[in-house]
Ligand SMILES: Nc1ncnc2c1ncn2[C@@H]1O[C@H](COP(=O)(O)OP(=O)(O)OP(=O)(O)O)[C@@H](O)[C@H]1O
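First, one chain by itself: the form predicted alone, in structure tokens.
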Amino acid sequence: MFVGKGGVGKTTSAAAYALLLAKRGYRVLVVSIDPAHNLGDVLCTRLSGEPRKVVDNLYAAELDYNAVIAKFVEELSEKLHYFYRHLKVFNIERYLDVVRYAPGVEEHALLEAFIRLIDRAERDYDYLVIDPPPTGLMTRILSLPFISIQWVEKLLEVRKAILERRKMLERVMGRLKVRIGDREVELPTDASEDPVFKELLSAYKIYQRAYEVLRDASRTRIYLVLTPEELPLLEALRVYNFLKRFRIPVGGVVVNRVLGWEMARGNPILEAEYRRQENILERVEKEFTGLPKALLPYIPQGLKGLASLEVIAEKLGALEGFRK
């Protein structure tokens, strides 16, 4: 996964790295989960939510961001209506509709989509390369499994306590029942029969799977992407410290749009820019000591299409992890 501030070249780096892996003989899927897709533009290929072959071994897709969230909200709302349908007397419908606007829904939806991508990639591909949203949204998604595991564990404890109380009441009153419309439904007292407990357990397994994948250095690498400027460097440092805190493995650093001396020489403005960039590069070396670094050249005409991506693809070979 290539993570960084908006506009630093995450998509270009992800596409070029995927191309490098494909040329080395690996079967690769590169996917954009950024709401503002431009992976298709970089590859000069019209993309959709389903993987499309770009060249031999290389497949690409762009996640339909709005559809993913809409599907998640619809499924969640249906589950809640089902679980609590016996509370219609309290006009529960009005309260459950608020789930569409609940904080964190967007991140949960993308996390579930991310896990589905991993499952598909492990079945059909050697590598999954992710072009993510800018760091603000992506760090919230990456932290979600770690936070949610603790949250769901507590909810499972609460649900077990509720079921235990029901069992106690059942010993005194017999089977507990509620009326839904013209039907009487028995309330479950055992975790194996309780749909709420099962749903919590299912969510726990999703978060646990994400947790295990994200922290496994043999399966996951995050690459920090920046340009040789102050703000992207500071953003990369914040993300680096965030990833270390959650023990998510960082595979290296990509510095994009590095101005070469041969291009700057003889032009006072470009020479000054070159010296400024050199200062940033020294700081990059100091701050990210021990991490592999790939320096990608500044290309005035920009990068678009496979031929231009090949110009920088080999330079990304400086990053570790392209051999399984």
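The first residue of the shown sequence is 1; numbering continues from there. Because the structure is a prediction, the values reported are computed rather than measured.
Keep in mind that the form predicted in complex with the ligand is missing from the display, and what follows is about it.
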Heavy atom contact within 4.5 Å of the ligand in the predicted complex, the stretch among 251 to 259, 282 to 290, 265 to 273, 54 to 62: 251 to 259
Y26: touches the ligand in the predicted complex, heavy atom cutoff 4.5 angstroms: no
Interface membership of L303, the ligand in the predicted complex, 4.5 Å heavy atom rule: yes
is_contact(N38, the ligand) in the predicted complex, heavy atom dist at most 4.5 Å: yes
is_contact(G317, the ligand) in the predicted complex, heavy atom dist at most 4.5 Å: no
In the predicted complex, residues of 5 to 41 near the ligand [heavy atom within 4.5 Å]: K5, G6, G7, V8, G9, K10, T11, T12, D34, N38
